[in-house]
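Next up, C-alpha cells for two forms of one chain, structure 1 and then structure 2.
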Structure 1
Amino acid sequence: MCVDGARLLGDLEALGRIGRVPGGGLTRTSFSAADAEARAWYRDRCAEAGLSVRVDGIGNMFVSSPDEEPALDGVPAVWSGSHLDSVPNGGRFDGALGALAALECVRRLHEERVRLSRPVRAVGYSDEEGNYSHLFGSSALVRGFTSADLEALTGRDGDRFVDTFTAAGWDLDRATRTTVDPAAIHSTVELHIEQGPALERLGHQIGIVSAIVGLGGGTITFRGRADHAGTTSMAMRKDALTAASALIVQFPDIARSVSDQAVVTAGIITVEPGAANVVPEVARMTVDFRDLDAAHLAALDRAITTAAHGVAARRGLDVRVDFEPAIPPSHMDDGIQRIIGESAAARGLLGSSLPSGAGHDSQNMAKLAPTGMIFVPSVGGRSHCPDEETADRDIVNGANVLLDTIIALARG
C-alpha cells in the first residue's frame, strides 16, 4: 500500500501558495489571515475526502475517518501530524510536509477501508513556530495554559495574543481547556524535512530521528546611555549596541567550548532610541542555544550569562539576562525508530539515525506517549527561508515510510 504521491505533491503546492510573499517565501505565522486561510483550505481537503475534523481550543486540528469502528471507541489512538504555520519568510515544507503527509495517510486508510486495531488521527498542531509561544499547540496539549499565561503572551509583531486570537474569532475560555489524557494516545509519529545537510551529504533518503536537541535562551538586554553621536568621545560612551556586538562575536567560541554540536544564535536585535546620530542606550537581542545533552545546555546558559555580565562590567553598562527554563533534549522511542528503519529497508531506501537540531512538537508529544520522527533530505540543508526545498521523490518516500509506520503502530 502506498500514498497517492501526485495528490500529496499537489496539496503541498496548493498550501505553499497560501501566505506567499514577494521573493517566493512564505509568511504564514499563526493566527494571521494567511494562517486562517491555510486552516480553511486544510478543512476543505478533509471535507472533500469525507474525513471529520475536530479543532481544540488553541487551534490544534484532529482528523479522523467517520467510518471508524465503534469497537475502537476509547482505544488509545496513533497520532501523526505536524504544523501548518511558518516562520516569517519561511519555506513551504517545514511543517506542511508532515501535516499533509499525515492527512494523506488517513485519507488512504479511509479510502481503502483498512481495518486496524487502534484509531488513527492526523494532527495539525497550532503555532509550532512560536509566533506567540514556542511549540504553542503541543504545549497546550501537554500542560495547558491559564488565562494569565495567555494574557502575558505577545507576538513577533508586538501584538497581544489575546487580542489577535479573539479578533480572529477564537474563544479564550476554550483555550484554557486543551490538555489531553496521555491514556488516550498510543503513540505519535511525525514526518518532517531534516532542515540540515546530513542526509543529503550521506546520500540517504530516510532519517530515523534518535533525539531532539534541547533548547535554551530568551533575551539579553544591555542598557547604557543615549548620547549625541557627534559630541561624545568614543572613550566616554556607554554604547549598548557595541556591548551587544562584543557578546555576539563570542558566541561561536562559547558554543565550541561546550560541545561540537552546540549552537548559539542571536536572531533578533533591536536598539533604542534607534537614530543614526544617537549612541544606542538599549540593545535587546534574542538568544537561542541548543544541544543534545542537558548538561551542555546548562553549561551554555552559564557561559553566555557570564560573558554578558563580563561585557557589561568592562564597559560600565547594565545587563539583564532573561532566559526561559530550558526545554530538555527529548529521546525518540526505540521501538518506533526500529519500525521506521524496517519500513525504509523494506522499501529499498537508505536510512540513517540522526538527531534533530530543530525543535518539534514531537518533543512535547514524547512526554505523553512513545514518539518517533522521520526525516527526509533538505536540499542544501536550507530551511526557514524561501530556498527550503525537498525533492518530490524524497517527499513520496517519506510519506510511504510514514504510512507503513502508522499502520504498524495501529495494528501492533
Structure 2
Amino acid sequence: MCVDGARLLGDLEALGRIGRVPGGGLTRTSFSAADAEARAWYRDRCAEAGLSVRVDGIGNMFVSSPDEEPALDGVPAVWSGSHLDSVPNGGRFDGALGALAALECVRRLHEERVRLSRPVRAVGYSDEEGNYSHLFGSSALVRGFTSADLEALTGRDGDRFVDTFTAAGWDLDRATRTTVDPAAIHSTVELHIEQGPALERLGHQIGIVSAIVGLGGGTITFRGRADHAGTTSMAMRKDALTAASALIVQFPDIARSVSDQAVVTAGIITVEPGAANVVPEVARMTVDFRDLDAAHLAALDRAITTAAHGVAARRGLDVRVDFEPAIPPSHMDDGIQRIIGESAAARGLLGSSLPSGAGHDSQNMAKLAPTGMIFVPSVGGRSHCPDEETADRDIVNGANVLLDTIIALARG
C-alpha cells in the first residue's frame, strides 16, 4: 500500500500559495488571516475526502475516518501530524509536509477501508512556531493554559494573544480546557523535513530521529534612560540598546562554555521610544537557547541570566529576565525508531539515526505517549527561509514510510 504521491505533492503546492509574501516565502502566523485561510483549506480537503474534523479550544485539529469500527471506540489512538503555521518569510515544507502527509495517510486508510486494531488520527498542531509560546498547541494538550497564562502572552509583533485570538473568533474559555488524557493516545509519529544537511551529505533518504533538543528562552528587557542623542555625552548615557548588544556578543562564548551542541539566539529586538535622535530607554529582546542535555539547558539559563545582570550592573541599568518554563530534551521511543528503520529498509531506502536540533511538537507528545519522528532530506540543509526545499521523491518516500509506521502501530 502506498500514498497517492501526486495528490500529496499537489496539496503541498496548493497550501504553499497561502500566505505567500513578496520576498518569495510564506508568512502564516497563527490566528492571522493567512492562518485562517490555511485552516479552512485543510478542512475543505478533509471534507472532500469524507473525513471528520474536530477542533479544540486552542486550534488543534484532529482528523479521523467516520467509518472506524464501533469496536474501536475508546481504544487508544495512533496520532500523526505537524503544523500549518510558519515563521515570517519561511518555507513551504516546515510543518506542512508532516501535516499533509498525515492527512494523506488517513485518506488512504479510509479509501482502502483498512481494518486496524487502533484508531488513527491526523493532527494539525496550533502555533508550533511559537509566535505566542514555544510549541503552543501541543503544550496546551500536555499541560494546558490558565486564563492568566493566556492574558500574559504577546506575539512577536507585540500583539496581545487574547486580543488577536478573540478577534479571530476564538473562545478564551474553551482555550483553557484543552488537556488530553494520556490514556487516549497509544503512540504518535511525525514526518518532518530535516532542516539540516546530514541526510543530504550521507546520501540517505530517511532520518530516524533519536532525540529532540530541549528549548529555553523568553525575553530580556534592559531599562535605562531616554536622553537627547546630540546633547548627551557617551559617558553620561544609560543606553538600553548598547547594553542589549553587550549581552548578545557574549552569546557565542556562553554557548561554547556549556557544550559543543549548545546554541543561543536573539532573534527579535525592540527599542523604545524608537526615535533616531533619542538614546534608547528600553531594549527588549527575545532569547532562544537549546541543547540536547537537560543539565546543559539549565546551565544556559543560569549563564545568560547572570551575564544579563552583570551587563546591567556595570552600566547602571535595570534588567528583567522573563524566561518561559523550558521544554526539556526528549528521547524518541526505541520501538518506534525500530519500526521506522524496518519500514524504510523494506522500501529499499537508506536510513540514519540522528538527533533533531529543531524543536517539534513531538517532544511534547512524548510526555503523553511513545513517540517517533521521521526526517527527509532538506536541500542544502536550508529551512525557515524561502529557499527551503525537499525533492518530490523524498517527500513521497517519507510519506510512504510514515504510512507503513502508522499501520504497524495501529495493527499492534
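A quick note: this is a predicted structure, and the numbers were derived from the prediction, not measured. Between two forms, the rigid core is the largest collection of C-alphas that superpose within 1.5 Å. Structure 1's sequence is the ruler for residue numbers, which start at 1.
Peer 1: These are two forms of one chain. I'd like to know which is the form predicted in complex with a further copy of the same chain.
Peer 2: Comparing the pair, one sees that structure 1 is the form predicted in complex with a further copy of the same chain and the remaining one is not.
Peer 1: Return yes or no for Asn131: a CA shift of at least 2 Å between the two structures, with the rigid core superposed?
Peer 2: After core superposition, the displacement of the Asn131 C-alpha between the two structures reaches the 2 Å mark, so yes.
Peer 1: Would you tell me if Ala167 moves between the two structures by 2 Å or more at its C-alpha, with the rigid core held superposed?
Peer 2: The answer is yes, as the C-alpha of Ala167 shifts between the two structures by 2 Å or more after core alignment.
Peer 1: Superposing on the rigid core, is the CA of Thr219 displaced by 2 Å or more between the two structures?
Peer 2: Result for Thr219: no, shift under 2 Å.
Peer 1: Taking the rigid core as the frame, how far in Å does the Cα of Gly158 move between the two structures?
Peer 2: Here Gly158 registers a C-alpha shift of 2.9 Å.
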